[in-house]
Ligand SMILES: C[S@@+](CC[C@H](N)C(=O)[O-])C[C@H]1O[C@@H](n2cnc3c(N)ncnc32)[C@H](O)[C@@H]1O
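Take a look at this one chain, the form predicted alone, written out in structure tokens.
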Amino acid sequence: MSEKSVFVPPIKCQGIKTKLVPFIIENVHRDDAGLWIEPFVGTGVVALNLAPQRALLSDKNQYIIALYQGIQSGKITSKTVREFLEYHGSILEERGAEYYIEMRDAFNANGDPLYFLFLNRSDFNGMIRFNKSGYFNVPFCQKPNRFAKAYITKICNQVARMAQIMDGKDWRFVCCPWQETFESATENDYIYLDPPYIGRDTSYVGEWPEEEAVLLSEYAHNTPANVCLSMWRENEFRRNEHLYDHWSDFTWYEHNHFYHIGAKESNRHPMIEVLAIKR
């Protein structure tokens, strides 16, 4: 698989593994009859490109789960997405940031997955961030004409493609603590882990303290399933000591990756990413 052939899902998120998908799929060797398990599914970019027949896809972010459940069930389609984005996008173009704030307030009251999609595609830098009270608080991207016709079509095509990928497959989207996804895992199953990074902003939803990261390592070692952890190893500034302390007995596959945060090229730094695989 080349980077150009990677399917990009309808939800955007900082840290999405789009550019790493070919590297991940190249190194994941699993029993096709087994269950593919993701306790931190996020945007779902890995599962959607690997396309296993059976999958348990979980996340603490209930809004991503609700959106993807809606697409899977057919309640949310490219047609309903187009109607929603065209209607609210036209008002956004007229009223700008004021209307974005109204939509954000409405989402924090109703939790509607289409409102979540609208905010995710019109907020600053595609961020997903909630405050300690659980309210979405990302500011506007300052582009009132955000939902141009071509942009809406792109999102609708992503929704349609996602529905096509899931069609006929046994996938379950669940909002639950990550520990629950390990409970019924068997030797034939494969658990892919992409947890929050310790020491970085984890306001995506909830906190991710080091003690929970250590507990995840214990679960990964004790489960009969195979496990693959996706995690940063080091950059020019620091080394991920947690990876060395708790995952050194797994087999490591490395890949040089670039994160681009901010508008300046000087903010683009190389990072060594690791896939730590149990067996």
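If you're wondering where the values come from, they're calculated on a predicted model, not measured in any experiment. Residues carry their position along the shown sequence, with the first being 1.
There is also a form predicted together with this ligand; it is not shown, and the following applies to it.
Taking a 4.5 Å heavy atom cutoff to this ligand in the predicted bound form, the contact residue among V41, L56, L67, V227 is V41. Taking a 4.5 Å heavy atom cutoff to this ligand in the predicted bound form, the contact residue among R233, H246, R30, K60 is K60. A residue is said to contact a partner when one of its heavy atoms sits within 4.5 Å of a partner heavy atom; A97 fails this definition for this ligand in the predicted bound form, lying far away.
In the predicted bound form, P113 stays away from this ligand, with no heavy atom inside 4.5 Å. In the predicted bound form, this ligand lies farther than 4.5 Å from every heavy atom of G168. Put simply, P270 is far from this ligand in the predicted bound form: not one heavy atom of it is within 4.5 Å.
Using a 4.5 Å heavy atom cutoff, none of L85, F118 and R161 lies near this ligand in the predicted bound form.
In summary, the region of this chain contacting this ligand in the predicted bound form, judged by heavy atoms within 4.5 Å and restricted to 42 to 50, 216 to 224, 247 to 255, 234 to 242, corresponds to 42 to 50.
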